[in-house]
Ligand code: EPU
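First, one chain by itself: the form predicted alone, in structure tokens.
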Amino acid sequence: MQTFEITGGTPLLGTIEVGGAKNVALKLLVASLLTDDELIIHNVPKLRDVLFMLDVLKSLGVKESFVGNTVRIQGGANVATTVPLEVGARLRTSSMVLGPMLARFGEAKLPNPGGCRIGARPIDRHIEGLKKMGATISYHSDDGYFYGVAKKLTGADITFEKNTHTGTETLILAAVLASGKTILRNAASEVEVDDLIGFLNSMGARIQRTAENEITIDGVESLHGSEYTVMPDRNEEVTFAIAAVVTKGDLTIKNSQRNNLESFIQKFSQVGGGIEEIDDKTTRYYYKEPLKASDIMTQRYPGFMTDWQAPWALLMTQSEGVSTLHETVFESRFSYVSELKKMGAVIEFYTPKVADPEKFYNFNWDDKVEGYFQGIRITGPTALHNAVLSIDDLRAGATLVLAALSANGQSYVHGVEQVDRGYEKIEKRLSRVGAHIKRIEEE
């Protein structure tokens, strides 16, 4: 276990380069199960989750080399079809190997996936889709494994009851080698999905968006090798943009993704955040004036992302007035609230008025835990002070790091392995722009 020791109160000033998108890189690595040929993938971030995914693939017999930020990876025709419990249970996206293994090898056995515990995050939408494509899948509670077999996956017309990012990608990865046409309706529309589609098409797949929230995949007999560069991580850009403002600093972001951040940039500008477009791939974010309150509701793309709501809550602790945040994607994503309150933040839970919550929310309503709320009210501005903090999930972790950087005094943030899941060498990158942060080993 490791801890960040952070002394706050110093404006962050300078330039930070955004790395490759974790939520793309993981899925591109899984595609190694779909071909005998080597794949060369550039701009892969060296993150805890990426290394875990490589462990999953290596446990199946996939060969890889990770030099700098380039991965050379090759599956082959004789990989294993069982993911060991101690490997697969560490990472939620390990479930994504299920589709490719059924499509190519006709069987798969993998443990109930682990990883970041944000709400229930069920994989039932993935399972139901694969069953419609002809797979037989059962879960054995005695050993914690999913068992899947498929003589041959066939194309199907699949409508997701709730929008699902990972479910969409799982079925795309299965459908590329299935027999016939697969249509995914109410499919995820995120740009990260488009990057996966672009990569698979470069391998010989036939995938296209045929209507709003609709993806059509014409199955092919085989895929070939490819060389591809992962898109920059827009979640990193949002994190650093907010870091600039909450520390009253000025950061220039390279590999900027402004075209994919319209909903964030609109709200950021409305509350008084400073932004300057330097060129197509460079954006300056800076503190320019006291911030205004806002009302935010998380939504599917191109709306305000659920991954942004925790750092946005921190931003609103520095805004004048009462702000609200309404979480609609997950049923439990306010774990950071108690930690921010330790630092003096004024936050209270509330229940937003929704006519038909079962249909309105994107999570399975039956998974809602009694006593959990979907909304918070934040009163600001509040001068945050130092505290001893604990991290529960990735985005909450990044938020607490930023909170400590903006607070007066010295804070300790425990559980930084969660931050390592999504940010490469974050303490070194922040140190270069003036942060007083160091990693220490817990005894």
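These numbers come from a predicted model, not from an experiment. Just count from 1 along the sequence shown to find any residue number.
Omitted from view is the form predicted together with this ligand, to which the following refers.
- Contact with this ligand in the model of the complex, judged as any non-hydrogen atom within 4.5 angstroms, is confined among 198 to 206, 267 to 275, 236 to 244, 300 to 308 to 300 to 308.
- A heavy atom within 4.5 Å of this ligand in the model of the complex is found for one listed residue only; from 255, 163, 263, 112, this is 163.
- Checked against this ligand in the model of the complex, the residues 334, 287, 312, 330 give one hit for a heavy atom within 4.5 Å, which is 330.
- Across the proposed site, 341, 345 and 410 without exception lack any heavy atom within 4.5 Å of this ligand in the model of the complex.
- This ligand in the model of the complex is approached by residue 126, whose closest heavy atom lies within 4.5 angstroms of it.
- Using a 4.5 angstroms threshold between heavy atoms, residue 82 stays clear of this ligand in the model of the complex.
- Residue contact with this ligand in the model of the complex: residue 26 places a heavy atom within 4.5 Å of it.
- In the model of the complex, this ligand sits beyond 4.5 Å of every heavy atom of residue 323.
- The partner is not shown here, but in the model of the complex the stretch 390 to 404 reaches within 4.5 angstroms of this ligand through a heavy atom at 394, 395.
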